[in-house]
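Single chain ahead, by itself, as C-alpha cells, in the form predicted on its own.
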C-alpha cells in the first residue's frame, strides 16, 4: 500500500526491510508483490491477517478521506488555508500506490476510502493454507501481523512462521477489541520459546517499549508513531520522533537500573 516502489526503497535503504503484505483477490498481484520483494532484497514479509474487511472508520467517513485524495469543498478550504500542502501536492510526482497500480486502478487513479478498498479488494476467504503457501512461496522470514490469541499464535508456529505481531490494527478494526499489550503475557507464555513476538500498537513512549520487552516481547513496532511525524515535518519529523524514542528508552533504563535489554524482566511489571 506504499507510495514508493520497493525498488526505489532498496536503492536508498541499506538496513533490514520488512514488507507488510495485504492478501488480495488478484493472485497475479500477490505473486507480483512477492517477486518485487525478492528483487528488492527485502528481509521479511509480514502478512496482515486482521484486515480482511474494512472497519467502520468513522473519522474517514466524516472527513471524506480517500486514496488518492478527492477534492471536495472541505479539502479545497484546507488547501487554501495550508498553501504548502497545496504546493507539495501539485508540484510533486503524481500520487500512486506503486506496488498496486499496474494491476488495479483503485487507490491510484480511482479515489476510494481505505475501508472500501479493504472490503472490496482483499480476499475475505484467506485461510491458514493460503498463509502457509505464501510463506513457502516467499521462502524467507515470514511474520503474521494481527495475531491476538494463543490458538492463532500456536498455529503460526505450526505453519513455520518466523514471527508474529500481536496487533489489533491500531484499534481501527474491531470495536471493543483488547489492546495488544493485554494479550502479550499469555501468548509469550504459550509460544515465546518457539517464535519471535512483536508487540504492535499503542507504542508511543520509551516506557511502552520497556514494558513490552519486560513481559517477553522481542521487539515493538509502531505506525502512527512515525507517520504523524512524517506528515507534520517530513524526514526531520521522523528523525525527531526516533530520537525522542531512543532518548526515552536510554533514560528510562537508567532510571530503572537496567544496563542492557537482558536486565528487563517481569519483576518490573505489576498488573492491576
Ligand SMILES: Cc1cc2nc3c(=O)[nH]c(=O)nc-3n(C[C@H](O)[C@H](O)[C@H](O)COP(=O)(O)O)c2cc1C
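Numbering follows the first chain given and starts at 1. As the structure is a computational prediction, the values presented were derived from the model and not from experiment.
Beyond the structure shown, there is the form predicted together with the named molecule, which is absent from this document and is the topic of what follows.
Undergrad: Quick one: does residue 67 come within 4.5 Å of the named molecule in the predicted complex, counting heavy atoms only?
TA: Contact check for residue 67: no, nothing within 4.5 Å of the named molecule in the predicted complex.
Undergrad: Please tell me whether any heavy atom belonging to residue 30 falls inside 4.5 Å of a heavy atom of the named molecule, as the geometry stands in the predicted complex.
TA: Contact check for residue 30: no, nothing within 4.5 Å of the named molecule in the predicted complex.
Undergrad: Considering non-hydrogen atoms and a 4.5 Å limit, does the named molecule approach residue 19 in the predicted complex?
TA: Residue 19 lies outside the contact set for the named molecule.
Undergrad: So in the predicted complex, is the named molecule close enough to residue 115 to count as touching (4.5 Å, heavy atoms)?
TA: No - in the predicted complex, heavy atoms of residue 115 and the named molecule never come within 4.5 Å of each other.
Undergrad: For the three residues 145, 202 and 227, which mark the spot I'm curious about, does each lie within 4.5 Å of the named molecule in the predicted complex through at least one heavy atom?
TA: Each of the three qualifies.
Undergrad: Tell me which stretch of 89 to 97, 148 to 156, 132 to 140, 193 to 201 has a heavy atom within 4.5 angstroms of the named molecule in the predicted complex.
TA: That would be 193 to 201.
Undergrad: For the stretch 160 to 193, which residues lie within 4.5 Å of the named molecule in the predicted complex by non-hydrogen atom distance?
TA: Going through 160 to 193 in order - heavy atoms within 4.5 Å of the named molecule in the predicted complex - the hits are 167, 169, 170, 172.
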